[in-house]
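Heads up, the chain below is alone and in the form predicted on its own; it's given as structure tokens.
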Amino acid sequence: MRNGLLLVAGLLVVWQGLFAFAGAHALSPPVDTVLYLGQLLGTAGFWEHLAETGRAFGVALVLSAALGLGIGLPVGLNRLAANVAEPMLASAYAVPKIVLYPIVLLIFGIGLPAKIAFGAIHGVIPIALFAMSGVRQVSPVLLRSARSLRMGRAQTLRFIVWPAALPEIFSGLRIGFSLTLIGTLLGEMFGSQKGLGYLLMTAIGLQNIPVIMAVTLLLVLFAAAMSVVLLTVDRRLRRG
């Protein structure tokens, strides 16, 4: 807790210093940003943008997790399939996702489906890769024990593979969470008429520094808080 408070204090000092250096045309000071964010949270219009982003991100995250686990778990159980799929997925992950956005727009159009699809595209591959890695790292001794006990495939997955691979799988979900959020916001910035990403892009076009800083602060606070929670759970799973 003390280290966290010191980090926050240090960031606030750096932020204030950058404001003093760059001026009001580039940044707003911390106190003014927090106050303006409070004003935005008191308006119904801002909550509509926030709810839109929340819906898109929530659905995209569920899709990322479902597709990633649906690919990674069964493929990881088959050594040949894993050896073939892993380099293919890694290569696909290296492709800049923004080049796929025109295709996403052609398929889904401008609106909520496109944002969901673009968010899921960002998160699904790392979740799949971590799930594959987790399954492949399950001790062969455990698998042989399951066979000797005549456990079926479903029982082996439930009682042997899943608990052993869960720490690695959760790490993939933690990373997929962050990437899905980024993808959803990018989708809103370039192909939407509602949401925090759209609000941020509009503010950039209008050079509305208070809105830019307030929305950015809100996103940073949310991402940081969730990262702390997910990282804490991740560490407990690995210790357990």
Partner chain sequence: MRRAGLYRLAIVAAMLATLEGLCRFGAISAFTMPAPSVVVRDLWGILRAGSMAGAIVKTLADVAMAVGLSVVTGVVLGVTIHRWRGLRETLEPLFATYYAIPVYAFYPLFIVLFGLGSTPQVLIGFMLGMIAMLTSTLSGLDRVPRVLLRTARAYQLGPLETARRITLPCAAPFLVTGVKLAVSYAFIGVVGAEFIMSRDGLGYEINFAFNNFDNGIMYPLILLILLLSAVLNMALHAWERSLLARRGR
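Keep in mind that what you see is a predicted model, and the values were worked out from it rather than measured. Positions refer to the first chain, counted from 1.
Omitted from view is the form predicted in complex with its partner chain, to which the following refers.
- Heavy atoms within 4.5 Å of its partner chain in the predicted bound form are found in one stretch of 63-71, 196-204, 36-44, 49-57, which is 196-204.
- Its partner chain in the predicted bound form is not approached by Phe159, whose heavy atoms all lie more than 4.5 angstroms from it.
- Using a 4.5 angstroms limit between non-hydrogen atoms, Ser139 is distant from its partner chain in the predicted bound form.
- Its partner chain in the predicted bound form comes within 4.5 Å of no heavy atom belonging to Leu166.
- Using a 4.5 angstroms threshold between heavy atoms, Leu105 counts as touching its partner chain in the predicted bound form.
- At a distance of at most 4.5 angstroms from its partner chain in the predicted bound form, all three residues Leu7, Leu27 and Leu100 contribute at least one non-hydrogen atom.
- Using a 4.5 Å cut-off on any heavy atom, the residues of 194-233 that reach its partner chain in the predicted bound form are, in sequence order, Leu200, Met201, Ile204, Gln207, Ile209, Ile212, Met213, Thr216, Leu219, Val220, Ala223, Ala224, Ser227, Val228, Leu231.
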